[in-house]
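Encoded as structure tokens, the following chain is the form predicted on its own, with no partner shown.
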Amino acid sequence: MRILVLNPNTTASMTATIRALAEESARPGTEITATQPLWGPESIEGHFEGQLSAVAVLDRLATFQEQFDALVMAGFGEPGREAAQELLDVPVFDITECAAQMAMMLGHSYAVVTTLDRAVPQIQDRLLTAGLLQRCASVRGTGLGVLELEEDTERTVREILTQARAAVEEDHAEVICLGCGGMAGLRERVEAELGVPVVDGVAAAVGFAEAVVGLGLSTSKVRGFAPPRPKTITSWPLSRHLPGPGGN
């Protein structure tokens, strides 16, 4: 089984961190391929960058040459999952939804600890659209930008723990979800100090992908996620018309 893990931003070091966690989480015999868009924002912190990244992710998928059995989209709260489900013939797993689904199997309510406070409404909207917001006790921001997560691991863990403890003590959350792909690899440290289950969306999505592919299941194509209708789309895929990697 081969799982493609797609970091929605263009920061190579974050792609490497996400790849490492996915490989660590996968079962023996599962092959992980990780990539990122050929163009787009270095980090995603708002609706503009999120929508831009969604197009860049679809562009990458439209031009990706290797075969894979499932896709893991490694952006928390990012748009584009539904479009990827239309585009691909393999099942698609978004780390936001996978983290929340797994958290609800482990406790009555869960909380998300993410990056900047401006990301909170975007994540709440994503959970609402997915039908997962009802059991979300809170979404809390650490105040750290996405790229700051890699600058000082000790500070990152400390800020996550501050918000996670508040979510447990004040919001009555029973499970914590790490709300950014850039937090990959921090689950065990946070869980050990917090004393409640902590879910990493990348690991959860890999596990769900293995289960679904193993059961021989995939996305329904009869209505909502039917393939795009054939038509002319000017300059698509975009990367084929740009200079540099993937272009002329």
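Numbers follow the displayed sequence, beginning with 1. Everything numeric in this text was worked out from a predicted model, so none of it was measured.
What comes next is about the form predicted in complex with another copy of the chain, which does not appear here.
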(message) Considering non-hydrogen atoms and a 4.5 Å limit, does another copy of the chain approach residue 42 in the predicted bound form?
(response) yes
(request) Would you check, heavy atoms only and a 4.5 Å threshold, whether residue 175 touches another copy of the chain in the predicted bound form? (result) yes
(request) Look up in the predicted bound form whether residue 49 has a non-hydrogen atom within 4.5 angstroms of another copy of the chain, and give yes or no. (result) yes
(message) So in the predicted bound form, is another copy of the chain close enough to residue 29 to count as touching (4.5 Å, heavy atoms)?
(response) no
(message) Can you confirm whether 82, 128 and 204, the three residues that make up this candidate site, all sit within 4.5 Å of another copy of the chain in the predicted bound form, judged by heavy atoms?
(response) yes
(message) With the partner left out here, which residues of 105-138 have a non-hydrogen atom within 4.5 Å of another copy of the chain in the predicted bound form?
(response) 105, 106, 107, 108, 116, 117, 118, 120, 121, 125, 128, 129, 130, 131, 132, 134, 135
